[in-house]
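Single chain ahead, by itself, as structure tokens, in the form predicted on its own.
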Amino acid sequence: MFAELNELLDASPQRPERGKFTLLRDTRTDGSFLVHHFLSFYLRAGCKVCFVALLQSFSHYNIVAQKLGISLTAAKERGQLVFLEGLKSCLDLLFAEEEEQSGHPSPLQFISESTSNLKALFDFVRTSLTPADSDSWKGPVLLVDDLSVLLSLGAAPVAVLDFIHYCRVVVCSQLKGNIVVLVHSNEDSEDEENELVVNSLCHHSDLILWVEGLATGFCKDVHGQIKIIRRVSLELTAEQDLVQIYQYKIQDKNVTFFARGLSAAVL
């Protein structure tokens, strides 16, 4: 995890908040460093994590986590991390291996069905995070990287939004846990389905971390800009959301944040 980001968010693994929905949004850049941050943050916090990884392999996430001082393999072995490797599950479905071997439908079963029903994926999340009597974890966490892939695999926007809605009811409301979801967005894109999902999620999020590429293009000392948007109220009130804007630079094992125009290279 990145200490400077924790300071900006007033967050600590010693006192993780509960019942929150956090949206990670990236535009014209790669916001995956935020996924790695929250994965290591909640594992350090002692939370039970269900990671729906639709974009990269387990080995990729594990290599990055090791740089941040976390072993995903060890977390899986002790039952703290439940990892859904979306790439492998898609291949298993194509060759009809997973259901034959396990006797249970794949969480991504909708790929091979005529309707984009995400009930199997929701059941996987609920089963993974429902605490057993012997569990001593601080709280459940659902992490999704990234939700836009479900649309690319053929899920309808309403099915994706229903999936998130039911996950919020179970994870955030019933189990008092947290959800962190990454989505890609491009306000100039013609992908209306993706933008519909992104805009809807923005309206229902407690916290939005929106990373954007620089409008001026590539810069070796400033990799992008992040907007931290705290929703004051999810109801229709006159109160304004709290917005902070910083720039950032990604390093090998860390990310540094600074006010706009105050990069060390500029000063």
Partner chain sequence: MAAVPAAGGVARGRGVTSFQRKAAAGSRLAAVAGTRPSVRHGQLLLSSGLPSLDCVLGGGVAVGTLLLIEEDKYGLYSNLLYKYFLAEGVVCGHDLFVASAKEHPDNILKELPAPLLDDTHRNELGEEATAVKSEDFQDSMKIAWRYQNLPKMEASPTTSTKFGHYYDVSKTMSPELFQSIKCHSFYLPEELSLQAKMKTCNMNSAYTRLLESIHRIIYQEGFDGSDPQKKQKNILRIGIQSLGSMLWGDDICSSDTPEDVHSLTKFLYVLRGLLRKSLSACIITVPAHLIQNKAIMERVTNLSDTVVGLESFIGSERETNPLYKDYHGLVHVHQIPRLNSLICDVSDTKDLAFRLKRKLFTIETVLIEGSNTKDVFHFNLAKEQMNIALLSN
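The structure displayed is predicted, hence computed values, not measured ones. Numbering follows the first chain given and starts at 1.
What comes next is about the form predicted in complex with the partner chain, which is not displayed.
Heavy atoms of H60 reach within 4.5 Å of the partner chain in the predicted bound form, making it an interface residue. At least one heavy atom of H184 is located within 4.5 Å of the partner chain in the predicted bound form.
Although the partner is absent here, H203 is not a contact residue: none of its heavy atoms lies within 4.5 angstroms of the partner chain in the predicted bound form. Not displayed here, the partner chain is approached by D191 to within 4.5 Å at the level of heavy atoms in the predicted bound form. When the partner chain is considered in the predicted bound form, only one residue from V170, A120, L161, L153 comes within 4.5 Å through any heavy atom, namely L153.
Checking I208, V64, V211, A45 against the partner chain in the predicted bound form, a heavy atom within 4.5 Å turns up for just one residue: V64. For a residue to qualify, one of its non-hydrogen atoms must sit within 4.5 Å of the partner chain in the predicted bound form; all three of Q56, K88 and K253 qualify.
The chain is drawn here without the partner chain; in the predicted bound form, the stretch among 162-170, 73-81, 105-113, 121-129 whose residues come within 4.5 Å of it by any heavy atom is 105-113. Scanning 19-37 for heavy atoms within 4.5 Å of the partner chain in the predicted bound form gives D30, S32, F33, H36 in sequence order.
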